[in-house]
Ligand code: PTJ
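Before any questions on binding or motion, here is one chain by itself as structure tokens, the form predicted alone.
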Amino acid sequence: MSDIPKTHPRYASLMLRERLVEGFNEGLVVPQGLIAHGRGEMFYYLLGERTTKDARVAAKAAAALLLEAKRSVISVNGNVAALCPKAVVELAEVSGARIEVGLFHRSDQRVSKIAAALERHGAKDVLGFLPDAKIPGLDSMRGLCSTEGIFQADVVLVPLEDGDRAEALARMGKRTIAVDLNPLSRTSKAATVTIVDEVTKALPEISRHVEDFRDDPDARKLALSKYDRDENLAQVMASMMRNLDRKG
């Protein structure tokens, strides 16, 4: 990685870029993923590059949803594998979720590399290499999935997702958890729970709440009752507008 001093005012952001570039060089990330990350950075800047109270409320609801699930799955694309593979594995371990690789720009080689990156951080039985099912209504490669994974899951975590699959999963009756910095995206509006936060912060936040709520069904119920997706997204957009006025 580049020699970026920790005193740099944008150190954290620049380090995420470095991880993505490294992931690109390793074959995990495609060029389109670099563009998508840049778009997300813009929204994160409008958030003040911080985890908002609205994101924390959503993360609690996400944790509750995972604990209430019968069959949960964390879907991983190249950007997620490059940015936070350890956080994915830790969340899978504490929540009991399976991990499945799901890609729009799919090749067997890329799926294998992403699975290997996750396995280096302790993942076991990563799904997605030999898909044997298809999400109805999706003609792209992203529609391919595993029967024992996404196809039969009742809750799917889709960080850094394309809107078409988030919508298709909702049509299948699945509850979905999105991590998306764009509160206006189709993914954000289609997911059951949307966390508008940077993914490397959101996943550990969910894990912490999973551990807190594991033996407390009343806390899970309260977390879900306090979360309203549309209201939460509206609050996030209001925060962005306030920050934009200050920067102007």
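Since this is a predicted model, take the numbers as computed values, not measurements. Residues carry their position along the shown sequence, with the first being 1.
Only in words, not in the display: the form predicted in complex with the ligand, which the text now covers.
- Proximity of residue 55 to the ligand in the predicted complex: non-hydrogen atoms within 4.5 Å are absent; the residue sits far from the partner.
- Put simply, residue 221 is far from the ligand in the predicted complex: not one heavy atom of it is within 4.5 Å.
- Remark: residue 110 counts among the residues lining the ligand in the predicted complex, judged by a heavy atom distance of 4.5 Å or less.
- Although the partner is absent here, residue 162 is a contact residue: one of its heavy atoms lies within 4.5 angstroms of the ligand in the predicted complex.
- Stretch-level contact check against the ligand in the predicted complex with heavy atoms at 4.5 Å: of 73-81, 131-139, 145-153, 88-96, the positive one is 73-81.
- The three marked residues, 19, 23 and 27, fail to reach the ligand in the predicted complex, with no heavy atom of any inside 4.5 Å.
- Proximity to the ligand in the predicted complex, defined as a heavy atom within 4.5 Å, singles out one entry of 69, 190, 47, 199, which is 199.
- Scanning 35-49 for heavy atoms within 4.5 Å of the ligand in the predicted complex gives 36, 37, 39, 40, 43 in sequence order.
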